[in-house]
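For reference, the chain that follows is the form predicted alone, supplied as structure tokens.
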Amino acid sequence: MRGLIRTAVAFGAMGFVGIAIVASWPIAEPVHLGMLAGDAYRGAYLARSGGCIACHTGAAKGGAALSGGAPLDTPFGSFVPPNITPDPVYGIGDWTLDQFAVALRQGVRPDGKAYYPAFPYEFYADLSDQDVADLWAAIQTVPPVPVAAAESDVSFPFNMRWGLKLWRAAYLSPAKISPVMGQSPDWNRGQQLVTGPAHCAACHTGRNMLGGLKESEALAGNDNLPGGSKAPAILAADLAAKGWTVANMAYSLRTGVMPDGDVFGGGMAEVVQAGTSFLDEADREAIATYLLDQPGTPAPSGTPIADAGMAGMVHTPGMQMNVD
């Protein structure tokens, strides 16, 4: 019996040592953006296209911009998007641009701890330094809100943040977006938006038991979204079968009205209201162009895509509305 106890103690000690090693394992890669100047007007547009407004503003309750969003109820607990206004106590006003860049693109807090993947940082990983500086400049224009967002309520053992380091090692797949030669500028811009900041896969792709995206089922739909809602498949073949075209999809992303006359509900209604309705028409059409002609799927009829090379890949869309 004494030998068994000693063995158990030894294994327990090894477990604690292992946890201590993982907990001290640094995961952030340092960045040095320095005093890179940002364009607040362009940053406001990026905030719309990236879903920042929809997620971090409790619009249903008339909340102040970026002061904290509605809870996301998941099998792992309830995650509350935090206050990201420039308030130095309850927001991110005491952060530096470099810390913001690490949080946005790597999912690591200023204290070195990992963010939960409810924050879709893996889709922001390919944002440029200038994109990050522009977003940072836009946030500085928002009135600081000296009120703390509600606390997230995460179940055990998922509330142990050190475990996120193991999750990241197993499932984190940062977006890496490269222009595709032979595709039109619209298609490439759509790929950039859909795969990157618009993070369509975050909702329209199923997840495994530990919350990792099922890469083999990308954009094939998700029946287990926070709150019990669902997201349909948005693969090209599924969209074509339901009568979607570039024109009517771009219209729906502006108005929320679908081709059958019904309207988007749930999370997609918020995406349109706080996000895609503020994009310029060229970007809405680019999203539709890409979704209706995804790699490995046949292009649906009625949506011809011109081959214009790569001349339009560097796209700085016109701004329509500031973040406040």
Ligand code: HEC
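All residue numbers refer to positions in the sequence shown, first residue = 1. Not measured: the values here are computed from a predicted model.
Here the subject shifts to the form predicted in complex with the ligand, a form of this protein not shown in this document.
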**Complete:** Heavy atom within 4.5 Å of the ligand in the predicted bound form, from candidates G206, P144, P174, P232, belongs to P232
**Message:** Please identify the residue among L33, A28, M258, A64 with any heavy atom within 4.5 Å of the ligand in the predicted bound form.
**Reply:** M258
**Message:** Can you tell me if M268 lies within 4.5 angstroms of the ligand in the predicted bound form, counting non-hydrogen atoms only?
**Reply:** yes
**Prompt:** Within a 4.5 Å heavy atom cut-off, is A40 in contact with the ligand in the predicted bound form?
**Reply:** no
**Request:** Indicate whether the ligand has at least one heavy atom within 4.5 Å of a heavy atom of T276 in the predicted bound form.
**Result:** yes
**Message:** Residue-level question: is G50 within 4.5 Å of the ligand in the predicted bound form, judged on heavy atoms?
**Reply:** yes
**Prompt:** Does any residue in 242-272 get within 4.5 Å of the ligand in the predicted bound form, counting heavy atoms only, and if so which ones?
**Reply:** K242, W244, M249, L253, M258, G261, D262, V263, F264, G265, G267, M268, V271
